[in-house]
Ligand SMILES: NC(=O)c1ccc[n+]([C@@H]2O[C@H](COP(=O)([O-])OP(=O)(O)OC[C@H]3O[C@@H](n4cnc5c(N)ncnc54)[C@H](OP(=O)(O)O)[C@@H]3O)[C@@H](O)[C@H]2O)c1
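One chain comes next, on its own, written as structure tokens: the form predicted on its own.
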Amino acid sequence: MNGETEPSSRASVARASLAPDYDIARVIGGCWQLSEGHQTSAPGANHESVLEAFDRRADRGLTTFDCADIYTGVEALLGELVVRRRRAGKSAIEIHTKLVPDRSVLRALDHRYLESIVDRSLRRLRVERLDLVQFHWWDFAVPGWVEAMTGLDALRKAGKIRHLGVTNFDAEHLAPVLAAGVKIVSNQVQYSLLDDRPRGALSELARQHDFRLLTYGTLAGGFLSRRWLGQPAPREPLANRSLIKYRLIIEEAGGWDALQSVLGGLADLADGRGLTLEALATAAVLARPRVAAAIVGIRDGRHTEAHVAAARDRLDRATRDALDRLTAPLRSLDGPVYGLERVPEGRHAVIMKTDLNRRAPKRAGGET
């Protein structure tokens, strides 16, 4: 696998290879913000304007989008984009979805359950094969995730899935999946200048087994942006679940004053490079070992050009060293990838919604 590639005639931004037959844009459009369950107060975005913005985004070379079976309404929206581009004779896009079984059914999960969700995603996305299915397992105290991954591998061999990945797996619990012979191409994990938990054991496992990291939370729900530079901490209630989640991450990393110090240093570095603060924060994560792409939340086309710049930019050693010095005073988050989020009744865990697939079809091919 040759890693990153320079922009070509096929795309105006750099791309990364996940497999010999599959490459993606280095900045992926994350669509969680468009889920009906994301907003706590503000209304959702206009359907048609979102489709138009996403179509233009793909035309600029940002052809990869991330969603999930539990992001209500998002798979269907991206399915409309697939059809729109197909009818217009435009190039294909890459859509990564997730398969997130309900926590309440983990002990009873079987092949029929998995296949029913895969079939539902195929219908919603209006494709014959899913580009990448990323599997999540809520509770490693419950056995069965290795067997579930072998079941998904059977669906891959049957032609319903092109490539397999996981999401939020730490090295310890991903190792037995790999030992079982399941080939994964990616692990989607939270990774930012505030949260470096994927460094170390997980990155080393990725090197050994030749899979890549796809990062979310790269801008900490928007807190790693110039908008928050010099601003007081937001008051509750916060507007959406991203802000709730990443406000907790900020507290773990050292608090609001620590964030302000990072933002000030980022602004100075970004101005010196002719980048936006957000583009530099994204490029910083893209420079980390084994990172193939960063997933940045999108609701429209406002940040498309900044994402193009972030995907193109390769940070020199001096800039990387400056970023390391800038973040050195931060507190390291405890434990492995997604470890804090798994602590029973912990403050990171209690904000999670763990049973959003309850309306999954009861049989393969069934309707929701």
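A quick note: this is a predicted structure, and the numbers were derived from the prediction, not measured. Each residue number is its position in the shown sequence, starting from 1.
If you look for the form predicted in complex with the ligand, you will not find it shown, but the lines that follow are about it.
Trainee: Do heavy atoms from each of 64, 121 and 153 fall within 4.5 Å of the ligand in the predicted complex?
Mentor: Zero of three within 4.5 Å in the predicted complex.
Trainee: Is there any non-hydrogen atom of residue 278 lying within 4.5 Å of the ligand in the predicted complex?
Mentor: Yes.
Trainee: Indicate whether the ligand has at least one heavy atom within 4.5 Å of a heavy atom of residue 198 in the predicted complex.
Mentor: Result no; residue 198 lies far from the ligand in the predicted complex.
Trainee: Is residue 212 near the ligand? Define near as a heavy atom within 4.5 Å, in the predicted complex.
Mentor: Because no heavy atom of residue 212 falls inside 4.5 Å of the ligand in the predicted complex, the answer is no.
Trainee: Please determine whether residue 302 contacts the ligand in the predicted complex, using a 4.5 Å cut-off between heavy atoms.
Mentor: Answer yes; at least one heavy atom of residue 302 falls within 4.5 Å of the ligand in the predicted complex.
Trainee: I need to confirm a contact call. Of 242, 260, 116, 203, which residue comes within 4.5 Å of the ligand in the predicted complex, counting heavy atoms only?
Mentor: The residue from 242, 260, 116, 203 that makes the contact is 242.
Trainee: Work out which of 164, 285, 296, 194 lies within 4.5 Å of the ligand in the predicted complex, going by heavy atoms.
Mentor: Of the candidates 164, 285, 296, 194, 296 is the one lying within 4.5 Å of the ligand in the predicted complex.
Trainee: Would you mind picking out the stretch of 121-129, 144-152, 219-227, 247-255 that comes within 4.5 angstroms of the ligand in the predicted complex, counting non-hydrogen atoms?
Mentor: This holds for exactly one stretch, 219-227.
Trainee: Could you run down 169-208 and flag each residue that has a heavy atom within 4.5 Å of the ligand in the predicted complex?
Mentor: The stretch touches the partner through 188 alone.
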